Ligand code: GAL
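We begin with a single chain expressed as structure tokens, specifically the form predicted alone.
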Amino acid sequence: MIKGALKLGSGSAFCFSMRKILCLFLFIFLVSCSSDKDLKIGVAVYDFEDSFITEVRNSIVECSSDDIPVTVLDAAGRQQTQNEQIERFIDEGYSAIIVNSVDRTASGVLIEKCRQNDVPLVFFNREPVKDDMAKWDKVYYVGARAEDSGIMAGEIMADYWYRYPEADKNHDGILQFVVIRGETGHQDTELRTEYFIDTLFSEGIALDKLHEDTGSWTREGGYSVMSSFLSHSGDRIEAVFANNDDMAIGAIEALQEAGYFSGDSYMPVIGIDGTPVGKAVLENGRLLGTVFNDARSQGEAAYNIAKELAEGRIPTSDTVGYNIVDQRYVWIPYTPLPGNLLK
């Protein structure tokens, strides 16, 4: 009897242990499934009114899945608002955050905040300074090399200048031009302008920059600045370079009010980004050229990197679908889009 009792007790203990192991596996499985469903990515955008950024955020939303959804918030151009949005994402347990900074110089604060809470970050369009990027190995950047767009815009202008002698309206051999800049301090503003001018110099064109002012990336800003330029210099202006398509279109509206694009009165205007509205104006001949900035690919790359990070993996070029260089950068190439006059 004693031996039988011992056998029964031993078997019960074995069954109990097996039940505990099975329960443990079931618990781990359920937690794993639950955590997959809980993965989510926050997206903080500097301003929903920006046409190019709207294309990028739409691409991010289209790439997202039910398994790892995104929540997109608009900072409406206010850094304090964006700081609060990032804190909200952290407090609500978001797995990764995609950021288009209002002020790129504030990126270091955002990186430090996310590092302390171990929430990976993916920046796009507004590149943090390298010292900030070096603060943590879970911060990435997706964008395009701004200098390339400036070079391509300069080449479009140079092609027009040499192909059409009437571009030199006063026949002095010097290109009198104006620049409508984007936001002061933005890397695209500085580099697009610098390399546009450098390219024209390298093409052997003598230059006279009549005016330069910021249109803050907006159509309204481009219109206002161009109106001011016209009031000061009028027919002396021979070309307009705007740092993006929205400002270029605003400039074209001001030029139309001044009588340009009617009959033989033409003004070469160049933009950057190749947005849908920019391409439409390019096709109707009022925009001399633009440079295509691939918003869809930038959004896809940003989401794919954030997804890898949210799932606890180190992003690679193979898993992201885009080439990662210097460990944490993805550069999407520009494409020049000359208008009908240059085809």
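Numbers for residues come from their place in the sequence shown, where the first is 1. Model, not experiment: these values are computed from the prediction.
Missing here is the form predicted together with the named molecule; even so, the following discussion is about that form.
Residues placing heavy atoms within 4.5 Å of the named molecule in the model of the complex fall in a single listed stretch, namely 50-58, out of 50-58, 312-320, 276-284, 63-71.
Although the partner is absent from the chain shown here, Y46, R192 and W217 each have a heavy atom within 4.5 Å of the named molecule in the model of the complex.
In the model of the complex, the named molecule sits within 4.5 Å of a heavy atom of H186. None of the heavy atoms of Q82 is located within 4.5 Å of the named molecule in the model of the complex.
In the model of the complex, the named molecule lies within 4.5 Å of some heavy atom of N125. The named molecule in the model of the complex is approached by N293, whose closest heavy atom lies within 4.5 angstroms of it.
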